[in-house]
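What follows is a single chain, given as structure tokens, in the form predicted alone.
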């Protein structure tokens, strides 16, 4: 059964220096609070895996937590670049970042392969693209039945998966609803999994048709962190804080403004303060 722990204890127990870490959530349920705790605990030399690295990964990279990024698209959604990611790749600040770029389809298939315990994923893709020229891990196989040449990518088998979900019950089962990305596959592919949730309940009650329940045996630890996905959103709890995504563009452009913001809003804050900020900003919007 998954342990219910305070966020700081959960990160300390589960995320280690040098780990490969997949922090997933597609627009919805991005695990910002957990990522901030990883930054506060000064984790280093991480390989970050994510289909769509955005603000959270910009922060982790800018604070020197990552040596490598495996991804399929990176940017500030609807706004523009990730300046801390660009600074790391182009200028080596705070240190050089190695990148491994894939397509969305390849990333999703790699998670599915990892969840199934397979060594690699097979897909129809990359035909006529230049990605195989810059990513030597993209290879091909010939189908033994049809002779068709298909692309392959290594399975994602992260040391740790970190996701945010709506609810957990008292046995450690986890409920996801709304727009889902590859959270389920990331958790099943990972050796260890940390899930932050809005609340713990006795019973999940009525569920939508696309609800996904992760059984307790797939989860290492659950941490109750109301507002833990902010500034992304949690269906039925709070909406996406679009203004912050625009604000981040100015914050992250320069190193000094970035470091000052991180010191004020992440390094010296606790999850309780984070939740209070969520409520205040949402009320003011």
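Positions refer to the first chain, counted from 1. Everything numeric here is computed off the predicted structure, so don't read it as measured data.
This protein has a second form, the form predicted together with another copy of the chain, left out of what is shown; the following refers to that one.
- Taking non-hydrogen atoms only, residue 139 approaches another copy of the chain to within 4.5 angstroms in the model of the complex.
- A residue is said to contact a partner when one of its heavy atoms sits within 4.5 Å of a partner heavy atom; residue 153 meets this definition for another copy of the chain in the model of the complex.
- In the model of the complex, another copy of the chain sits beyond 4.5 Å of every heavy atom of residue 95.
- Contact between residue 180 and another copy of the chain in the model of the complex is found at the 4.5 Å heavy atom cutoff.
- Although another copy of the chain is not shown here, in the model of the complex the stretch 181-220 places heavy atoms of 208, 209, 210 within 4.5 Å of it, in sequence order.
- The pair residue 229 and residue 209 is at least 3 angstroms farther apart at the CA level in the model of the complex than in the present model.
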